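Quick heads-up: it's one chain on its own, the form predicted alone, in structure tokens.
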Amino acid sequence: MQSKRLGWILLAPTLVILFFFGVLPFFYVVFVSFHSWNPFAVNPEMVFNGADNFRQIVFDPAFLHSIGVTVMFVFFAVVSELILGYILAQAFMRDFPGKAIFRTIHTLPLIMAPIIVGSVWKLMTTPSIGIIPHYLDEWFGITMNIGTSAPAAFATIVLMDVWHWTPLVTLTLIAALVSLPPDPFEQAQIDGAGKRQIFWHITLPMIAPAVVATVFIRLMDALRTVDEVWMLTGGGPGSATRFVGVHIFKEVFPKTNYGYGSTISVIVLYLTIVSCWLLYVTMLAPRTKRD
């Protein structure tokens, strides 16, 4: 009993912080989502409008477009990071010259703030001074301008996100691979199993919890991406890279439409929870039943 009481006492500061900076803001955003509110208008009071904001979302082409673009971005970015992260994790499991130096350089992007990452990639992709457009034009004759080409802007954002967050996936998968027992692999090799069979039937099922946890983290981060995209393209050209996070930003700050912006935030949170639940049911629930 005394140990439980000590545990709650030690947890109390964290729980208080989570309550004031997590739970209360969430309920406040839900409350605002049922109102029409512009705090900088002549009449800054909240006006209750029921479910009008939620009804408006269904017929808002800009929001629906931002959801579609965001889903495409999340798919290409997260899948690329998982594949590349696993390849690098397997590479780091072996010894090779310069491994320590390369591993250090590989993890450096993680310590950079997203807004700094966006600024750096903005400099690298600016046609007049950027190193990437310069060498693409010099070596391959390709003209790159993310300010006028929607596919180039979208692809650049995906590459930027992969560069920034692949080290996180690599480190997570390294921890999962290191913890695997060697016995199943030795038995599979004795039975004549190939590398592909070992991966699909032994390695992947055993690291599935780590993969799902990594996808959860990256999925939630990718769905709320704002800083990097805002610094690199500002949501352009046009609305080609207007992800849902950028859409919320533009609704809340330039338009000062706090009620509608809060409604979009609630919907995005709901979609994130549903996506994570579907991922859990697809990958981990069958494994839990077998165990």
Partner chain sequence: MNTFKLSASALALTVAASSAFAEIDEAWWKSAAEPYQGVTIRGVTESSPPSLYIREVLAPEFEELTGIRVDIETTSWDQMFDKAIKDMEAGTGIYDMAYIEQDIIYSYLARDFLTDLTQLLADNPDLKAATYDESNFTTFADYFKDSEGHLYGVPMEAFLKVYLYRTDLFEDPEIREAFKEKTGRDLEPATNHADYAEIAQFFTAYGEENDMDLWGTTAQAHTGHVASWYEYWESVAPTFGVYNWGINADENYGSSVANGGEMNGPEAVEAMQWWLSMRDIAPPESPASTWTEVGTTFGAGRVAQGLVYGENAGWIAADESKSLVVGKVGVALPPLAEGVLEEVEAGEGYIGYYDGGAFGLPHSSKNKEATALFLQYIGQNEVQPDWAVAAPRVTNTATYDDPKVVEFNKELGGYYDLIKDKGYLFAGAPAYPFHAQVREATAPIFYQILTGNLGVQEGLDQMAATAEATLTELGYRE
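Numbering follows the first chain given and starts at 1. For clarity, every value in this text was computed on a predicted model and none was experimentally measured.
Quick note: we don't show the form predicted in complex with its partner chain, though the next part is all about it.
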#### Entry: Candidate stretches 88-96, 75-83, 164-172, 145-153, one within 4.5 Å of its partner chain in the model of the complex by heavy atom
145-153
### Message
Quick one: Pro39, Val42 and Ser128 and its partner chain in the model of the complex, is every residue within 4.5 Å by at least one heavy atom?
### Response
yes
### Message
How about Arg55 - does it come within 4.5 Å of its partner chain in the model of the complex, if we only consider non-hydrogen atoms?
### Response
no
### Task
Report whether the minimum heavy atom distance between Gly50 and its partner chain in the model of the complex is within 4.5 Å.
no
### Message
Just checking whether Pro61 would be counted as a contact of its partner chain in the model of the complex - the rule being heavy atoms within 4.5 angstroms.
### Response
no
### Task
Verify the contact flag for Arg224: yes if a non-hydrogen atom of it lies within 4.5 Å of a non-hydrogen atom of its partner chain in the model of the complex, no if not.
no
### Task
At a 4.5 angstroms cut-off on non-hydrogen atoms, which residues of 195-233 are near its partner chain in the model of the complex? List them in order.
Trp230, Thr233
